[in-house]
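First, one chain by itself in structure tokens, the form predicted on its own.
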Amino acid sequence: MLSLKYVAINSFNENIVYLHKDCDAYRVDDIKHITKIEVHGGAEPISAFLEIVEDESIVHPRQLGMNKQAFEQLNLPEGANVTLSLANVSSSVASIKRKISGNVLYDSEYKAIIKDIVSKKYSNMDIASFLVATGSFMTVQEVLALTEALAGDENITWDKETIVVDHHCMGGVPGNKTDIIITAIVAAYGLPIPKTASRSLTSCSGTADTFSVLANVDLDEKMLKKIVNDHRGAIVSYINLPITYANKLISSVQRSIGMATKEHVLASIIAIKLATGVSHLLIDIPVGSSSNIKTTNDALKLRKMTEYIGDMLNLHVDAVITDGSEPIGNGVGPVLEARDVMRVLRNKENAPRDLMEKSLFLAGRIIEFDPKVRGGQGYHIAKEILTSGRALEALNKIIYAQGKAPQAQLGRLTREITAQKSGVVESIDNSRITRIGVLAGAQQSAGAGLDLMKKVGDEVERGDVLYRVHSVNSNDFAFANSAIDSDNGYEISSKK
């Protein structure tokens, strides 16, 4: 028996336990490599990585230390008696090995894998192996199976609503924060839209990051339902909702390894929407040579997959292929993107027209989910809601209901990137702009990012400002400048 001790270490969803090197209850000297063990004593045994310590101030020889994640999962008080055993390899690991060998997995295998992830039998390394194994290829049936497994049994219900809508973009386009404008327009129209959003995986700013500049996005289910019922819309991070727990663990690993295939993203999106009680979903599939979806043919395949999965899961899906050839809006990074969103909603003359028009188009498609609206009318309804100020009013109500955020400031470390020759902006590399924004610190600091002054088709003279970089941290600023000096992301053709 060992006495349980809490060790105040956060290890990003990894269970870790600590034994002293002189522990006489277990043969520590026999441990030559990383060992996974089971801890017994709680309602259920938990799996964890074992680490050996030499400092008795951390744990003494008759104690077992547990980090934050493991201690919370075991749910026993300090001083409780626990025992250890070597953990058996989960049977679902055999399915991952089969996938690595090129096999198609059965529905039951995906359910077993996700069940083991939820039970914390998978370490972050195990989850990464699963992502890599399934990242090489997945059939449509496998994506469907993964979606069902991720959705789980914890679902939010909307008893009085026959239509509950939402929207999601497949990503890869910097600055594309149509989600917030769409939510404002659709809420003002009257359709319930519980917009679940995520933090950035690979982009400069996820929708949750951008909206957190304006309001609190970390709400629980009770608050989400109240705000949607009262104001017809909300924009929240799904992390604090009691849904898709496995998806949260997987997304954390995806973020750390920078790997998110379109199949994984699609399964995650639909699972979250199903668990949130959405009945009608609009999927935006931007296509561009430097975006996530490179070709129209790839987009058509993805649209067919999306619509098939929706049909099989009783979710009405409208998958729309859009232009993703360049950034949308002028801002890249939370504060700058929030600025663009508010300019559109306030009908400002300097509002980015591309962001406004795309938002109206997509909001119109969602409004047409209402059977009372004829096809083609949605855009005009959305435009009237925006220009009349009703969308701004709706978003302001949502912001105050969720809790207005303190005003965030732009980073004061700046550099203006200028054209090296006169000509026309031929193209803007989305992936390069994203990379520069990430290096500038946009994923960590709301005030970091890029402010784009020129877009594709604009004429420029030598020395004209193409964009301005903002950073909060000097190290981030240096990294961004180094990347810019190598390739600033703009292609300028000479004037004819």
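Only the largest set of C-alpha atoms that superpose within 1.5 Å between the two forms is called the rigid core. Each residue number is its position in the shown sequence, starting from 1. What you see is a predicted model; the values in this text were computed from it and never measured.
Keep in mind that the form predicted in complex with a further copy of the same chain is missing from the display, and what follows is about it.
A.B. asks: Within 4.5 Å of a further copy of the same chain in the predicted bound form, counting heavy atoms only, one of 266 to 274, 371 to 379, 185 to 193, 134 to 142 shows up; tell me which.
C.D. replies: Checking each option against the 4.5 Å cut-off leaves 134 to 142.
A.B. asks: Among S11, H40 and L84, does every residue place a heavy atom within 4.5 Å of a further copy of the same chain in the predicted bound form?
C.D. replies: Judged in the predicted bound form, S11, H40 and L84 all sit within 4.5 Å of a further copy of the same chain.
A.B. asks: Could you tell me which one of D218, E357, E154, D230 places a heavy atom within 4.5 Å of a further copy of the same chain in the predicted bound form?
C.D. replies: In short, D218.
A.B. asks: Check each of S251, Q73, S290, S279 and return the one that places a heavy atom within 4.5 angstroms of a further copy of the same chain in the predicted bound form.
C.D. replies: Here the answer is residue option S251.
A.B. asks: With a cut-off of 4.5 Å between heavy atoms, is R432 one of the residues that contacts a further copy of the same chain in the predicted bound form?
C.D. replies: Heavy-atom contact with a further copy of the same chain at 4.5 Å: absent for R432.
A.B. asks: Since only the chain is shown here, I'm wondering whether N124 would be in contact with a further copy of the same chain in the predicted bound form (any heavy atom pair within 4.5 Å).
C.D. replies: Result yes; N124 sits at the interface with a further copy of the same chain in the predicted bound form.
A.B. asks: Consider V53 of the chain shown here, and say whether it contacts a further copy of the same chain in the predicted bound form, taking contact as heavy atoms within 4.5 Å.
C.D. replies: Yes - in the predicted bound form, heavy atoms of V53 and a further copy of the same chain come within 4.5 Å of each other.
A.B. asks: Wondering, does N330 line up within 4.5 Å of a further copy of the same chain in the predicted bound form on heavy atoms?
C.D. replies: No, N330 stays farther than 4.5 Å from a further copy of the same chain in the predicted bound form.
A.B. asks: For the stretch 441 to 460, which residues lie within 4.5 Å of a further copy of the same chain in the predicted bound form by non-hydrogen atom distance?
C.D. replies: Q443, Q444, in sequence order.
A.B. asks: Once you line up the core, how about A483: does its CA shift reach 2 Å between this form and the one not shown?
C.D. replies: After core superposition, the C-alpha of A483 moves less than 2 Å between this form and the one not shown.
A.B. asks: 2 Å or more on the CA of D220 between this form and the one not shown, with the rigid core superposed, yes or no?
C.D. replies: The answer is no, as the C-alpha of D220 shifts between this form and the one not shown by less than 2 Å after core alignment.
A.B. asks: Once the core is superposed between this form and the one not shown, does D159 show a C-alpha displacement of at least 2 Å?
C.D. replies: Superposed on the core, D159 moves its C-alpha less than 2 Å between this form and the one not shown.
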